[in-house]
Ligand SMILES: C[C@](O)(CO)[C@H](O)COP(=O)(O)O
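The chain that follows stands alone, in the form predicted on its own, written as structure tokens.
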């Protein structure tokens, strides 16, 4: 059995600025999407046999040519994404092979520098029996819950809070059932969709390197991280 990964990369990433969609912004001469695919392929214990990428409509051929050198012997499928993230994941999920796949990862291209061991922990947890798995890191800021007028309602115990990253891993039938249910209103990730079905979501250790490139200053952090890795 092998695993597959779905990468929704059709979003514009407006908070990052510029005219280029976020997944195609370059760091160190390569797009975030290329860095993400290269990092996934480096996780050899994940046994990735299929990469499915959802991109802006019309960009399928160009993205296929860009990514093909980085997937090795794995199958690469590039599909047109949708208006929302969940639409792109569903479009990609529709073409993931049904047979021979025991884990499906969903990964944000904006988290382009996830270490291989973090990816492998997610896959290992799914293969050990978890139906849904997310990598997490501790929350270091104090979090306040606020009311409709901006007033502080309470302060949750920080020790019970984590920040969730990707790739998130799923038993294939669970992820397909979650998306078939269509309960994606207000949903921010695929694990949340599974939660709404009553599925227990397990956590594994994430990595500080799996930060999400969202704002211009994140590109500076990504450049610094890449320079550090290249000099190691």
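Keep in mind that this is a model prediction, so the values were computed, not measured. Positions refer to the first chain, counted from 1.
The protein also exists as the form predicted in complex with this ligand; that form is not presented, and the subsequent description refers to it.
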TODO: Among 64-72, 44-52, 161-169, 195-203, mark the stretch whose residues have heavy atoms within 4.5 Å of this ligand in the predicted complex.
DONE: 161-169
Open item on the list: Quick check on residue 85: any heavy atom within 4.5 Å of this ligand in the predicted complex?
Closed with: yes
Task: Distance check, residue 189 to this ligand in the predicted complex, heavy atom within 4.5 Å - done: yes
- [ ] For the heavy atom contacts within 4.5 Å of this ligand in the predicted complex, list the residues of 103-139 involved, in sequence order.
- [x] 108, 111
